[in-house]
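Two forms of a single protein chain come next, each set out by itself as structure tokens; they are called structure 1 and structure 2.
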Structure 1
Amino acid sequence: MKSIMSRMKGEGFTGGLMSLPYIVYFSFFIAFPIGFSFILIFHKWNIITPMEWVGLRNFIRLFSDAQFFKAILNTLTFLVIHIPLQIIVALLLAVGLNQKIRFRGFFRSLYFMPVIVSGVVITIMWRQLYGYETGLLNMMLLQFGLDKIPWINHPTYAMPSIAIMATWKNVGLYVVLFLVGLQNIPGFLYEAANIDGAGPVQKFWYITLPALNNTMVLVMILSTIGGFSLFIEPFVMTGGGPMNSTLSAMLYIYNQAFYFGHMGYSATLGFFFACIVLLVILIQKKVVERD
């Protein structure tokens, strides 16, 4: 009975049936929102009163919105500090862990711990560490006879501080990725280098680094995507200050939408920002793949 049915309806039917859930999901939660946001772009709307057609005025406003460009710039600043820091630290730890040592698993899971813990916890915790007057870090600096640093209370330091915190949180993941990459490097390459009399630095520079190129691309793209959605850290820690130095693009979009009720405008900002994200990732891919 069953086999007759399945033969009658065939693979095509079953395949369509089985992928139907995705099609339904896609149309409601991906296609519709994108389409809707495209409509919103041309409207002024505070969700509670009717929409109002404004044509391209949201874009005109966007291009004269200095704060938004500041927010994009801040997000890029974050990336410029965060990505190299992340790669260097992760690479160092991964190379360390890749030696023949005991407790490798233990160290690896230790470094990985912040990755799994919610960003909220990390931010509440680091708010205590970063405090200027009573924070743990400044207390330590004082103990060593150094000066206190206004980690999150000065426009110059605030974004780098958030980038350090984000690195601390995510680096464990990239350590693991690099470890996988390191273990995939064939041993004979090093043996050959030994015969040629290469030192450890040369081996690292001429064998390890080139072999990790793919992982490097991956780490860069992953942290770029993560960095562009920077939100909860400044939201809880600084509210975007001091002097808008930690106002990330996502935080600004959130504020426009949910503090000030400019749904149409924030959809425009979101759309514009998403284009920038795509552009940056495409450029990254192009540049790195060419190497």
Structure 2
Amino acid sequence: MKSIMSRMKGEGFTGGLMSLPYIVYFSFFIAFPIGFSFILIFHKWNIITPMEWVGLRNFIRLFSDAQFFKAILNTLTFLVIHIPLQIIVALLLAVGLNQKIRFRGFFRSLYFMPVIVSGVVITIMWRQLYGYETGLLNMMLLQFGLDKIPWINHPTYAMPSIAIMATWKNVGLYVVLFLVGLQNIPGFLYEAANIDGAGPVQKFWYITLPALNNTMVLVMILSTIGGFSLFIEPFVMTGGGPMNSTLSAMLYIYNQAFYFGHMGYSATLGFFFACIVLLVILIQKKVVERD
């Protein structure tokens, strides 16, 4: 009995020792920042001067901040464009790459490549493509006798242009997720559908899509979280312009913290925005799973 107890204590000590690096990481890089941010919500602080208790004044300022709600609206506009485009493109590519085609492994790697490239590098590259005077896209339009488009220089086109670029950047990850879902669909379902005379569209609509429901929910949630965290693209490509049309909520929170030095107010914005993200994801998950 004593040997068993001593062995359990030894295993417990070993397990605790193995968990120590993660405990340290969680404490310093997750728990402490969250706790400190919660303290900042009720203070005014610019990093240099001591904190000043302001109570709920940061929340009062938040609800009267029209520019912040404009940034949230911009982010939602991005999501409305980006998520359906992301899902449709990723699903179509996954269905194509799930077929027996030549160089299938090469194409799978090719579509995933942008995911592992730095977002800053991708954004700079697309900024050159979107250039009004010398951008490749406008030069191609001129070759076809069409007018140039101010892709990132006009409020109407700027956010859709960023959404297209973000889709190209991230689509490879969701292609992989859809491929996993497609390969887990039992083959006998398609064999039975062939016997019943079902066509490709019927098999896709009545077998493939229902079987991918869980994958669809996962892709939608990940796309939503990624879309709400939109920052690098407008920061590097447009700086939030033109006319604040690409000012995302994350970029606005960043500007308040590190450009204006409003650390307490920025923490309040971040807390409020996190609640919005959580609410949207919960509603989205419930609606999609029900459908």
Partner chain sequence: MRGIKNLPLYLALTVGGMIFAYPFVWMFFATFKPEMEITGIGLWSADMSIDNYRLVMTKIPIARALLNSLFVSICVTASVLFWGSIVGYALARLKFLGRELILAVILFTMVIPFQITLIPMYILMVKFGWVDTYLSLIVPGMINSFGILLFRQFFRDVPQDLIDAARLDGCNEFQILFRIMWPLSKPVLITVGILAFMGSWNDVLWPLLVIRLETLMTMPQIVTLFAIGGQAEAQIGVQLAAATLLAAPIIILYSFFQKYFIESMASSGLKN
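Small disclaimer: the values here were computed from a predicted structure and weren't measured. Sequence positions of structure 1, starting at 1, serve as the residue numbers. Each form is matched to the other, and the largest set of C-alpha atoms that superpose within 1.5 Å is called the rigid core.
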Only one is the form predicted alone; which? 2
Post core alignment: residue 60 C-alpha displaced by 2 Å or more between structures 1 and 2: no
Please state whether residue 260 has a C-alpha shift of 2 Å or more between structures 1 and 2, with the rigid core used for the fit. no
Shift of residue 69 between structures 1 and 2 at or above 2 Å (CA, core fit): no
Having superposed the rigid core, state how many Å the Cα of residue 22 shifts between structures 1 and 2. 3.6
